[in-house]
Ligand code: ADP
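Single chain ahead, written as structure tokens, the form predicted on its own.
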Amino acid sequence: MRPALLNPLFLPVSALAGVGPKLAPKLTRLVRPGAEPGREGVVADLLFHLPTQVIDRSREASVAGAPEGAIVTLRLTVDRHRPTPAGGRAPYRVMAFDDTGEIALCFFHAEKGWLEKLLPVGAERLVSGRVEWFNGAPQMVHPDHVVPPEEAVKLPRMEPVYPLTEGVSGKVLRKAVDSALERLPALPEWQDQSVLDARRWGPFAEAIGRVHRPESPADLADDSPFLARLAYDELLANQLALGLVRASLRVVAGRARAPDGSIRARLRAALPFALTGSQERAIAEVEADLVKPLRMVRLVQGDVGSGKTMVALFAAAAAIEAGGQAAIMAPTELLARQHARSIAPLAEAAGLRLAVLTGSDRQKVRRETLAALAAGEVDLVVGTHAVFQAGVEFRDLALAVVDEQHRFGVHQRLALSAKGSRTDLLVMTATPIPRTLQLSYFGDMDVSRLTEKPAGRKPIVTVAVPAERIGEVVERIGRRIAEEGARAYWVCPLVEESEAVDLAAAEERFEDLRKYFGDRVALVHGRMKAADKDAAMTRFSSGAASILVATTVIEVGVDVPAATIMVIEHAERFGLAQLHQLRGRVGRGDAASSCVLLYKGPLGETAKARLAILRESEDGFRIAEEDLRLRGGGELLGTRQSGMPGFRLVRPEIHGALTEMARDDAALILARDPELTGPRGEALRVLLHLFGRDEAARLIRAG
């Protein structure tokens, strides 16, 4: 149950004065992005929609002394109106002056009567806005504020600037936020007083109030103590939630398993290569977890091509040796089938009974697979998240391996724990994660890192080429196909948040390349049927097709060792981590590989820095740190997925140092008061609900 004192903050936004049925959905889109259709934002969403900067209007200047481009407040006398001539495109100008000179106040598409009322000739007005010079004379286009001197109190000295959306102006949003602030109840203090004293942080209400009603630009600066206090509140809520999830996953005692090593010995004998040192370390860590009487909850993170699948296979073998079953889940059907294909020869050599389970299986095949799983006639099943749907029964599921962790968030981990089984959990991600984000997203897990690539992998030569030279790129690929039978990926970008546009770009490039290469080109994208995708991938991996045109559906995990060329079109639109993921699809065999980053100029500073880092480095961990520095943590782990804790007040690149502090504080709290029943514990329950960590709050048995 949500604490009753929070009820005013969880009223719908339409309960606020001035927010009617037309404005409410627009406000919801702005302050609660990704809200379920028909679900309205709440008052707390407005409080957590923070301004990004503050305009200082306290600077009063004279017309002659106003610096170009500066926002200033002028005390002016209105001299005359110069309306737009009939049929003309010039702005409506109101000429005004002070002791030092004259300025034109310009309005486009303005209504004459309204302007005559706002700025009557002969009247004195305070006018605030940006001063520009045009044809040697000062002007102010669409002043932000115009008030009579006696109403100077209405002119905000410090004006917060918010992210906005169509149909919601700054004025409307500020009014709604003011109403939300008035509903803020007196909240208990959930932070330790010694932390508040050491950091010179005031109460939550003071921090949220000063951010929305700043008294100086410093209140919204990167080092603002008010922003830091709010970020720490959100981080502590998140770390407490992760700690409670971890406890719930382990509250059902694990089962100490006793693998005998027989299957793993056969696996090693069948391997055509030696495992790397970090693979061996990760396998040893997993095996040590399995023999403990606690449930394993471990994250394996490794760079592209570092061999996570082998770690998963050895973990599965250990669980199966001890008499259980194992499941490996991939985020897409394409990947699930590919995992199964790459695992099959080794599984056969080791005597493992393997099955595949996906959403598109024919009913008869699905029934047979489900029956075999329930009877214990399948040791290892590879599939999509369909493996955890209702109706899928295992005789004894000992280990669940989840590939691509960022698509399997805290909510799904809770769902898995709610099954009440004693299943060990191993999750894997190919996105190397900076420590700050690792603690934020995966603080409930032990972590193994794969830092080496298998022996024999050659470096990938990366070049950036302007889009105008696309013809040369096509010719060069043609030569390499003719001379050495090369195979190439050609990735088309996400043009906007729209699969349809994304798809159109890929289909257009596919048709263009077919004119040059004929049937040697295949196409794969997210909207194709699974069988068509498989057919296109099979043509490419067998060599029947030399070029695979794809959307970013191939970003994760697709493995064709013979592919040696990667072309990424509009590379400037991708984030660093995604570019690195895509590049990792080549360089997987022993042949030299190259990656061509096609870009459309002119490039901004961030895009230039991204492309430069990729040319310099193949170290995914360094690239991930740079990505965090360049654009913050919001999308570093790929598309936001439900269940991934999206932060609203935390900026990882600024507040990273607070993450570790919050983790230590949360661990201490849960060690001393695991049910959160003490005085601070009760306040922390309020914190969990305030920041939407309700699932974690429900895990507290006493609650």
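A quick note: this is a predicted structure, and the numbers were derived from the prediction, not measured. Each residue number is its position in the shown sequence, starting from 1.
The same protein has a further form, the form predicted together with the named molecule, not shown here; the description that follows concerns it.
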Establish, in the predicted bound form, whether Q191, R229 and G656 all lie within 4.5 Å of the named molecule, using non-hydrogen atoms for the distance.
-> no
Within 4.5 Å of the named molecule in the predicted bound form by heavy atoms, the stretch out of 350-358, 274-282, 515-523, 181-189 is 274-282
Interface check vs the named molecule in the predicted bound form: of R210, R298, R264, K308, the one with a heavy atom inside 4.5 Å is K308
In the predicted bound form, the residue from V304, L425, A506, V567 with a non-hydrogen atom within 4.5 Å of the named molecule is V304
* Is R588 one of the residues lying within 4.5 Å of the named molecule in the predicted bound form, judged by heavy atom distances? -> yes
> Any of the heavy atoms of P561 lying within 4.5 Å of the named molecule in the predicted bound form?
Replying inline: yes
Check: If you check in the predicted bound form, is G202 within 4.5 Å of the named molecule, heavy atoms only?
Finding: no
| said: in the predicted bound form, is there a heavy atom of the named molecule that lies within 4.5 Å of any heavy atom of R268, even though the partner is absent here? | reply: no
